[in-house]
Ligand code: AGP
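Just the one chain here, the form predicted alone, laid out as structure tokens.
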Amino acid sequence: MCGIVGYIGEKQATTLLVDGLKRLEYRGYDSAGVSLMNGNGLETRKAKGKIAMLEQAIASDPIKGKIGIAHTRWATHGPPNECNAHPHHDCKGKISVVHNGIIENYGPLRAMLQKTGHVFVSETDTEVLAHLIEAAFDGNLEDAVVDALALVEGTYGIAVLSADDPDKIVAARKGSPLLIGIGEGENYVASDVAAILAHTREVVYLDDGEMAVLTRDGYSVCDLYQQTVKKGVSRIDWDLDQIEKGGFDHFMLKEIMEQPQTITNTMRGRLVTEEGFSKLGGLNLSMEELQNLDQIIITACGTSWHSALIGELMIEEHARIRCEVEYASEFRYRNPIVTDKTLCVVISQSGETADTLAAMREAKRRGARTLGLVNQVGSTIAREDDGGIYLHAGPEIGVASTKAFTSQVIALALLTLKLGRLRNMSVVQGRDIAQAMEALPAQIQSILDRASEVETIAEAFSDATNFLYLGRGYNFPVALEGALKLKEISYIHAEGYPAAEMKHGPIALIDADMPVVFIAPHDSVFEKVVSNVQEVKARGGRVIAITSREEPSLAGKIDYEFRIPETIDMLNPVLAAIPLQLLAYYIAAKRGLNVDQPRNLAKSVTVE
């Protein structure tokens, strides 16, 4: 959620900052703003809506400066409007603050400040920070920030300017990602490396409770007691073209089409096909510890939760370890049974999802070992887990996750293969799984080559108002994921169910206006799904089927069919997800919607 970018150096900062914000548009936002040191003091421009509106505001009233901060806001406190947009100021207009996160005690702090004469102009929690820093300021900005943050409860990633201490940017984080970009005679601060990748690949990730002071000549990092912290420098290996559309109409379509390569990247160097084994060097667990596990808990949110459900089925079937899947948002408010023989697997594309990070920390407090499945190298989960499996899917810009989902399923399959071979899985069975995994990239490409078939189906249903997605076994989570994709980007109501549960309520909804998508490859439960198809047709429903071979039992019962290649049961979700992603994409595109930035959604949910 939200985006922060800041610059200090010798370049004119306005265009640089606005371009950085554009790189963060995918995160979701409803307003934007910039503040610059113009040589005489602070000057700010803000606008409701897209960054194009901010550009118009700047064009009509230009500002210049070589030090500045900028922000895209996703509303939490107060509606999206120019007044509530960041940056926010103190009473005198000498302090400027941008903020990601939520100040939980902003109400009492605001009341306290108002009693001492501070005047507030917005409805946001963030404005409290500007006034707290103003109240504490005595000539040194970092001292004032430390004093202000000592009063704050909640989460924050902030960048601060002061007209009275003008040659620096002060940044601090607690629970909301923030990093420093290192340049020659210039430095950057950002909430996401995408904002600064065009200018530097050398970054320093801040951890919770740390503050950075940036000048033209360098940076320093300390804790909130102002004790120096030594930080390592990371190098970003993404190419800039990975965060460009590359000729596609939308990032989402580009990312769908990249999946043969991203699947390959997730598997690269990890499959030992002849031995039916996987090498996962980042687990940081000994063979004995892996063999002694008596429980695995997988915790995640949204799309990652759906991949977790597939992982649960894989692990229990092939590794024979008890496995549970928990919503991360619920896990830490329960009293879960966790021991030192529990492995808690946390899944997050960004590695910054607030609920998932909190669930991981709770599991660690209870004695579990933690394993992170993340896509963002250097993310908070990646730094705090006990071990991990990087997805290597590359940057995912579209808000609706596609390639990260399939890479998560592959990472879980690799983990299953390793655990299974350490326990009861034969080398023959392991080899069969590994060979099926190796075949996936070419199989996915064969699906993508027929994308026009899915587009034809989308054309027939782009005006629908409700969808039902049904699957059994490994394909039930795919039904959930297919429905979620459609909801996210087309705003069509859609639900996913286990196919057998249809008759326990949802069947009442089925008529000619209710398309039903069956995920029905020829697997161990295929015959059961056939009977569910017959029940839908008997009630006049229209059936879209994702199948894998011609089946006489389905003749005359399917209105639209898309066939995927055959594979083993546990990998069907990877192939079945592709046409469902395409279906959601084409329906949303035909409805003229903003596919990459659906309303009310953010790519990385960094607040609870």
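Throughout, we count residues from 1 along the sequence that is shown. Please read these numbers as outputs of a predicted model, since none were measured by experiment.
Another form, the form predicted together with ligand AGP, is not on view; read the next lines as being about it.
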item: Residue among S96, N100, T380, T353 with a heavy atom within 4.5 Å of ligand AGP in the predicted complex; value: T353
item: Interface residue in the predicted complex among L141, V399, L419, V152, criterion: non-hydrogen atom within 4.5 angstroms of ligand AGP; value: V399
item: Interface stretch in the predicted complex with ligand AGP - options 382-390, 132-140, 184-192, 299-307, non-hydrogen atom within 4.5 Å; value: 299-307
item: Partner proximity in the predicted complex: L484 to ligand AGP, non-hydrogen atom cutoff 4.5 Å; value: yes
item: Residue contact check: Q349 to ligand AGP in the predicted complex, 4.5 Å heavy atom; value: yes
item: Contact of E312 with ligand AGP in the predicted complex (heavy atom, 4.5 Å); value: no
item: E488: touches ligand AGP in the predicted complex, heavy atom cutoff 4.5 angstroms; value: yes
